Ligand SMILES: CC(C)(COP(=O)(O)OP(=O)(O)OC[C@H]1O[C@@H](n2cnc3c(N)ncnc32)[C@H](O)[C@@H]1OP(=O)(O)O)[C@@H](O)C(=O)NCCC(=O)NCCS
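To begin, one chain is listed below as structure tokens, in the form predicted on its own.
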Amino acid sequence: MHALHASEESVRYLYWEPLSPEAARERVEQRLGRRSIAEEGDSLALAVELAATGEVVGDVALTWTSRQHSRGELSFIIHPDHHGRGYATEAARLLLRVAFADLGLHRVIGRLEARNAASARVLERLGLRQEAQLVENEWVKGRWDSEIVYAILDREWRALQEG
């Protein structure tokens, strides 16, 4: 996890700077305590591990953001050395199943920095559609960043499963 979050390239489009070994350890310990997603505010994170080597190359998370609005948010990070191999798509697909089939959520979103074309492609492969582009809406790392919001509804996800 430290190698994943210590890379300048890995965190280029994220809110935080590269993590120290101690901060990465804290992040892992926080996530280890979360083994289920049962109520609003809970997050379920999965490590993306290579079966052949056991190397952790990324993580994906589903956060239940609103019980009232039956909404969740999907997020992911993959180490740059492992981009383009479908790991984020495969792992995130499992979390969409949790969101819709297990939790019965109505809507899941994914948000990304507008320059992050690779993450946009992952969300599109998963069936999410672009809904909004918020121009220069956040001050991050000393500059104005724009944000793109993608979303998928439960009925859209179910149609993808049937088709």
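The first residue of the shown sequence is 1; numbering continues from there. No experiment lies behind these values; they were computed from the predicted model shown.
If you look for the form predicted in complex with the ligand, you will not find it shown, but the lines that follow are about it.
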Per-stretch contact check against the ligand in the predicted bound form, the hit in 61-69, 133-141, 100-108, 119-127 (non-hydrogen atom, 4.5 angstroms):
119-127
Within 4.5 Å, heavy atoms only: does residue 37 come near the ligand in the predicted bound form?
no
Since only the chain is shown here, I'm wondering whether residue 112 would be in contact with the ligand in the predicted bound form (any heavy atom pair within 4.5 Å).
yes
Is every one of 78, 85 and 89 in contact with the ligand in the predicted bound form, taking contact as a heavy atom within 4.5 Å?
yes
